[in-house]
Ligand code: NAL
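Just one chain is shown here, as structure tokens, and it is the form predicted on its own.
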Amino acid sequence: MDAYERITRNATEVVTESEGRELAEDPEGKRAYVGYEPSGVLHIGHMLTATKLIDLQEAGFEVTVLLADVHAYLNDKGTFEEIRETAERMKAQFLAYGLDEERTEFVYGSEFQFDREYVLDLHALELETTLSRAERAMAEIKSGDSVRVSQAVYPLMQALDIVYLDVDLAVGGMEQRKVHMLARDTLPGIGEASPTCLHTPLIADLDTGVGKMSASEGVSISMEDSTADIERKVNDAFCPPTRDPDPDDEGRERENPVLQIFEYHVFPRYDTVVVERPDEYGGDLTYTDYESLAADLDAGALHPADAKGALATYLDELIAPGRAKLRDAISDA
């Protein structure tokens, strides 16, 4: 796997491809960034982008993780003291999940977002942006049903963060795409370059396969989950014997979230995946790539129940170190 293949593995898109290939020509020492509102507990969405950050580190990138305390405050997620406490717990979980500590820098937004130069540049971006454009950019990530003025400023700060963190690549899930496109459109207006952006997929709702999995609605998987929790959630997950499920009764498109988690979480971290089965049901199945596993599910050679059993085992292994860090933090509180 060459550098570009590793950088783009399991990415939905790179904007633009030519810019991504230019970064891949000499990735050593380049900087990638992702920002997270501190929530205290890593969920499967955090883990998906963290897996991509691990790919980038293996390709030679340095990684900056923005612990977006000011953004969280603007999005009504608590006091700065409460947000800082949850952010510190998240740092330990990210490292436990597999980020290379020597190649990872954690930065709080409040370390630079109150500086006079940043504030003046933010006002300059405000002059470049209509309120409706800012609201559209925030639509996928806002908290609550209506947009407050603070939340309209939020995506402009995300755009400016890319400049002030001095990064070469902005990483986020597809829900961040509108924000990143806003950054590409508006930053040249204040004399800054349009950022190169990489977007990761969204995992479908675990119960239905429709839409996206949400930490605030429906069933999600996080580092709070025990082994038994993970087994229960995975065993209850929507997993038809195909990678291409039919739409639901309302005509909504569906994905197979069990296969998605194998593809985006398990196979990037394991060279070999073993599905354990009793001898009377054919014995164990061993896979070295996602496509072989998905093809066996399609062909009926792999039963959904056996796939779920293996997924629960590997997910639990990935989550266990972070779960231990979270428990340590709670016991020390």
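The numbering used is simple: start at 1 and walk along the sequence shown. Only a predicted model underlies this, so the values are computations on that prediction, with no experimental measurement involved.
There is another form of this protein, the form predicted in complex with this ligand, and it is not shown here; the text below is about that form.
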* Taking heavy atoms only, is G35 within 4.5 angstroms of this ligand in the predicted bound form? -> yes
* Asked: Counting only non-hydrogen atoms and a 4.5 angstroms cut-off, does D205 reach this ligand in the predicted bound form?
  -> no
* Though only this chain appears here, would E263 touch this ligand in the predicted bound form if you measure heavy atom gaps against 4.5 Å? -> no
* Asked: Is there a non-hydrogen atom of T186 within 4.5 angstroms of a non-hydrogen atom of this ligand in the predicted bound form?
  -> no
* Using heavy atoms only and a 4.5 Å cut-off, decide whether all three of N235, V258 and D316 touch this ligand in the predicted bound form. => no
* Only one of S222, Q93, Q158, Q151 has a non-hydrogen atom within 4.5 angstroms of this ligand in the predicted bound form; which is it? -> Q158
* Tell me, which of T196, T200, Q176, T129 has a heavy atom within 4.5 angstroms of this ligand in the predicted bound form? -> Q176
* Structure fact -> The stretch from 269-277, 292-300, 55-63, 27-35 that lies within 4.5 Å of this ligand in the predicted bound form, judged by heavy atoms, is 27-35
* **Contacts with this ligand in the predicted bound form - residues in 71-109 whose heavy atoms fall within 4.5 Å** => H71
